[in-house]
Structures are given as C-alpha cells and as structure tokens.
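Encoded as structure tokens, the following chain is the form predicted on its own, with no partner shown.
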Amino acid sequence: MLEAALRDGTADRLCTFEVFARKLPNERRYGVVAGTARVVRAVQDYVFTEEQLSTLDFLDETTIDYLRHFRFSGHIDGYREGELYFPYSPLLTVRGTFAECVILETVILSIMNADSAVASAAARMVTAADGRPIIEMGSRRTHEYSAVTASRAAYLAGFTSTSNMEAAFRYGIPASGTSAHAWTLLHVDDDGQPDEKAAFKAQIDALGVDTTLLVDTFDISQGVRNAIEVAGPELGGVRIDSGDLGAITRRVRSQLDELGAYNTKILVSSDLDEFTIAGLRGDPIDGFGVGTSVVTGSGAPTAHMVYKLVEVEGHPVAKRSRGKAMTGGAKKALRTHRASGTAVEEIVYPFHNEAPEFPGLTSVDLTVPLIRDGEAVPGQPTLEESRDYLAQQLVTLPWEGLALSRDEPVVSTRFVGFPEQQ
C-alpha cells in the first residue's frame, strides 16, 4: 500500500485512523484499555535500520528511502490507560498522512489487543478476589516477551505483584513468588527418601520465617505440621497448589490455628481464573497466584480491536460490510454520570465539534491528547497513576457491571452529531 500510494500521489493525503472494538470478548460487561503508554513509546521509537531495509528487496528505491527517513510526525489522541471501554469506543485517533499512519497499524494493534485482553481479564479477577491480593505467575504460559508486558497489564488492573523479574525491573512492579515443588523434591536423605523438613529449614534459614512454604508436595496435613515445626507459629504463609482448594484451605486453616499459627497466611494457586476465585470467596484464603488464565486473557487472548481509516482530507469514509458496521469521521467521546457517580452512557461525537451537553448529568472527557507532531504530550500518567485511575473507574460501573456472567455491555455507546444519526 505504501509503495502504491507513493506512486499515485495519495501517500501525503491527510487521514485519520481509529482504533475500536465492535464487541467485547465473551459477552463481558466492560473492557479495560491497556497499552496506551506502550503505544506512545513504540510510535516514537519506530524507525527502520539499514540492516532491516536491506531485506526489503520487493520494494522500489523510493519506498525504501521513505522508510529510511520515517518518523511519525502526526497526532494521536485517545483513551488514557486504565480507562473502561465498550463497543465502538474510539480508543485511539491517529492523524497524519496516509503513509505514516498506515505503517503503524500492526504495532498499535498488537500492543492494544494483547495488553487490553490481559487487563480486562485481570480486572475481573481482582473484583472476584474481593480485596485479597493476587500475584501474577504466568510467565511460563506465554511467549517470553509477552510475559513481561502481560505482567504490566495485570498490575495495571490491580494485581499486587509479579513473579517475572524483567517486568519488575522494567516497570517497577513489586516482585513476589514462592518456591516450587522442585525445591522440596531436591531434598532427600542419604537413603534417597524425601526430606520435606530439610527443604523447609533451608528456605527458612535463607529467607526468614516471613517466607511462604509450599506444603502440598506430598501429604498436605503433614506438610503443614512440618512447616510449623520448622518455622514456628510465626511462619509467614503456606501455599497450596492442588486439590479441592475450598475444602483443603478450610482444613488447613483449622490445622494452623490448632498449632498456634493464627497469623500464617494461606496462598493458593492451581489454574485459577475469575470464576474459581469467585467460588473461593467464602473460604479462608489470604491471597491467590494466577498464571495461565491471566496471561491468555482468560479465554479471550485478544480484545478484537481494529484499526480503520475513517477520514481522508476532512471527508468521512467507512467500509460497508455485513456484520462489520462502522461510522466514518474522526471522533471524540465522553461519558455521562449520575450525581452518585454511576456511569450512564458513552457519547461519541465528531472530533472537531463542541462536546454535547446533557442537563442533569455530569460529563467526563474520555479523549485526551497523547502525541503532538510526533512527540509525546508531557505529563502523561505513570503506571501507578493509571492503576489507581482504573480502580476508581470500576466503582462508577452500574452494580451489574461487575458480574462475571455473560450479558450485554453495561454502558451503551451512542453516536451524536453524525449524518447517519441526524
């Protein structure tokens, strides 16, 4: 497309591309915008090296020279990271020449789709945990690069820490984890028999009694007895990674209390998702470790976002396709709220129009400037600020919005001021 546009003179036409999703995955009630900050960074870093250009022998020299000097010089506006979104929310509005905007499609969608899928799933898990902490432990269940960004998206959504050290280093996420069964199995006596106490003692000697011991390598009840015998009643925690977690944790809590370990916490893992976490809400569990389900979006590994051309030289454009409706023209959005703070409706309106007013309701602008003339707009929120922002936005959802069952989006999206609606 770039080569053809450079040849026919359309490469320099001023265009607007938009990122949006036509539906929410798995009939969820809301989605979470994640990856915005990474998109801003990626756009600024998007260049072609001579080594890369040398492999593009299918392009003519004019196109290769364009790529050699490529720098995005346009504008990007959109929803801030940690914002909620719904079908047809205009999540990103990318303005510039056709050539520079079309090049960015893949990198923008790959970031937004992956990060938003993880954050949307993680937010549901945080709600299900009802205030109890969740450790992200999914690195071994996804690609080594996406493991790092998945940790970031999960933390944005409210997870408290990660076992991924690169994510902790790169993004400042608290690092946390426990020992694996291999650590316990490593410890055998001279006859080759398992020595669970030796494993526990070595861990305590290295890390202190605040550590968490994995007690289900062999017999759980005996593992708990061994843990308290070695560490004493001030042991920080025990982890259980298998079995009927509800029944087991109730039994372990009673056993710990009988041993005087009243403050020893119980952490559980083992293929948890938002539904199993919700099912354990009434059990004596102090924290969760979640792996596979969070890094894979809990059954929805993509947010199904698309990147579509919506305006050319000020003229609205839109494809016509059954089941893939869209509205042409650059857009902004706001969300209306009741006096109580509960969200009512998402309003999408033409980008250059004044924001519509709704008497009796308060309005919050959702579209904010992210990039101007190719440079990031100063003062954008940190990961911690975006994390806090998302927690605040979840409170604005109508009560049914936090339900885990399949249903319609809890907030509807309405287009105002476009020809189709007049």
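The numbering used is simple: start at 1 and walk along the sequence shown. Since the structure is predicted, the reported quantities are computational estimates derived from the model, not experimental observations.
Form predicted in complex with another copy of the chain: not shown, discussed below.
When contacts are judged by a 4.5 Å heavy atom cut-off, E345 does not count as touching another copy of the chain in the model of the complex. With a 4.5 Å cutoff on heavy atoms, R38 counts as touching another copy of the chain in the model of the complex. When contacts are judged by a 4.5 Å heavy atom cut-off, C15 counts as touching another copy of the chain in the model of the complex. Within 4.5 Å of any heavy atom of another copy of the chain in the model of the complex lies no heavy atom of E354. For the options R71, R281, R338, H143, the one in contact with another copy of the chain in the model of the complex, meaning a heavy atom within 4.5 Å, is H143. Taking a 4.5 Å heavy atom cutoff to another copy of the chain in the model of the complex, the contact residue among I277, I134, A114, V252 is A114.
For a residue to qualify, one of its non-hydrogen atoms must sit within 4.5 Å of another copy of the chain in the model of the complex; all three of S139, T149 and S179 qualify. Figure note: of the listed segments 126-134, 313-321, 76-84, 229-237, the one touching another copy of the chain in the model of the complex, with heavy atoms no more than 4.5 Å away, is 313-321. For the partner-free chain shown, M1, E3, A4, A5, R7, D8, T10, R13, C15, F17 of 1-28 come within 4.5 angstroms of another copy of the chain in the model of the complex, judged by any non-hydrogen atom.
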